[in-house]
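Only one chain comes next, encoded as structure tokens, the form predicted alone.
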């Protein structure tokens, strides 16, 4: 029942914050985030029993939740990043802001624990609503445009996925005489050659748009740029992982033959996104957009791990999802603190800020080094496993991926050095307050532990990936 409470607490918290005064909303929401974090710890150390209750029997839909290793890692990422965001957000944002954040956490927990495809789709759709209203209400000038682009592009992907979900359920029932949307029951179904490519495309588009993967990233620049920093931390740190998670949770078990058939173009697409994101990041003069396009490049790296169809690549992509989510979430939160103090995001307007804000500069550097894959931090372990998997399949793609790591060091260190180092400019900013260090320090500590002890995540994840890894074993 811990898993049920993990799903229920954000929903109850969202209802609670609407009933309290605006001045108390942050305290209630942050308390809910910490309770959620405690529940995750309890889930981690307990026997992780899922639920499988009848729901809409006539349609073969069940309320099925589970917390296997893959889900457990994503639930942990969600709990940690949301707790940091709820604590770090502006107390003056108002109760409606915290309502949408908690509703977004509810949808994320549901998505990462759903084991029924129809239930997965429902949570997938619910995710769209809070982000839309957060962008509309707190995205400033241009927030409405960013919200509409987010909504329309993701609804297009969702429409394709809904058709695909109905189709796989019906086609499976024609083969077996039993209508079900359970992912485990649908796994390994041999789809007819005439419809298999269409089913594959329906799911691929939905997941690629959500990630996003280049060139289906049209919603990302405006949404990342307009959203307040805490919301951007969630978009990049948690919600973008829903797309890669969909590849692992749904497409590997349901469409492994199709993934193998289209493996080369998929690898080329992911590699192109990896390179394009890095080059676009290098061109940016807005420090937030450097991180945004860097994140786009990293999503290409995760996709390479999945599309390598190797044991090391799949496990590396799973680890990198969590590691990147924590690091980029922390990075966007630090950039938000920097923007609030400096009053600008323009790199050219800031220099030498480490003199007046050494603690902020230290955390900025820490998350920058994590994002560029410094050995000893978790980005390195994830990238190592992914490249190991790529080498087993395609050395050329592996070399391209390795070369882009140099590009990542270039654009990330360039942003840090231009703003934090050098002669002191005209802008001096106050340093981090003790209460800000109080939530940044634990986040940095978690990142450090994963960097020096990656088996903390890989060991729990491996059993749930066992079936996929067993199927992929022949590919190296």
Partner chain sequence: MLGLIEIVVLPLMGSVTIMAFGGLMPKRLPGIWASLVVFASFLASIAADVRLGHLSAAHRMITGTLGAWVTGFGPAIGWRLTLDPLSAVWLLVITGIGFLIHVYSNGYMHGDSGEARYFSYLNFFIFAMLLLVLAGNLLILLIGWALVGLASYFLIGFWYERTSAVLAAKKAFVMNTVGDVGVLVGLALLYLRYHTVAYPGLFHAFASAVPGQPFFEWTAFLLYIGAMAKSAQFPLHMWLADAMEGPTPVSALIHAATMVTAGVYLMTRLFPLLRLAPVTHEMIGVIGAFTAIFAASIAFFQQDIKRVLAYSTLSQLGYMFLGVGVGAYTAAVFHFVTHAFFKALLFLAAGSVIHALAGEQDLSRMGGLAKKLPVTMWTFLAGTLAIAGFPPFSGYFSKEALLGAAFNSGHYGLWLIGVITAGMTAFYMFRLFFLTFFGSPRDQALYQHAHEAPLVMTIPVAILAVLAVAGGALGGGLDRWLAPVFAQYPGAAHAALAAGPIWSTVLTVGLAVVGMGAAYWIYLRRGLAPTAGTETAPGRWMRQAWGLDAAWTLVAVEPSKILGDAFRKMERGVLFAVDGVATGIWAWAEDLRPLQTGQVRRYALSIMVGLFAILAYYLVRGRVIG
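Numbering follows the first chain given and starts at 1. Quick caveat, the model's predicted, so the values are computed rather than measured.
Only in words, not in the display: the form predicted in complex with its partner chain, which the text now covers.
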query: Heavy atom of residue 341 within 4.5 Å of its partner chain in the predicted complex; finding: no
query: Contact flag, residue 142 vs its partner chain in the predicted complex, heavy atom cut 4.5 Å; finding: no
query: Contact test in the predicted complex: residue 46 vs its partner chain, heavy atoms, 4.5 Å; finding: no
query: Distance check, residue 50 to its partner chain in the predicted complex, heavy atom within 4.5 Å; finding: no
query: Listed range touching its partner chain, judged in the predicted complex by heavy atoms within 4.5 Å, from 177-185, 226-234, 327-335, 378-386; finding: 378-386
query: Its partner chain in the predicted complex reached by all of 167, 194 and 243, non-hydrogen atom within 4.5 Å; finding: no
query: Of 405, 199, 256, 72, the one that lies within 4.5 Å of its partner chain in the predicted complex (heavy atoms); finding: 405
query: Residue among 129, 162, 348, 268 with a heavy atom within 4.5 Å of its partner chain in the predicted complex; finding: 129
query: Residues of 272-303 having any heavy atom within 4.5 Å of its partner chain in the predicted complex, listed in sequence order; finding: 276, 279, 280, 282, 283, 284, 293
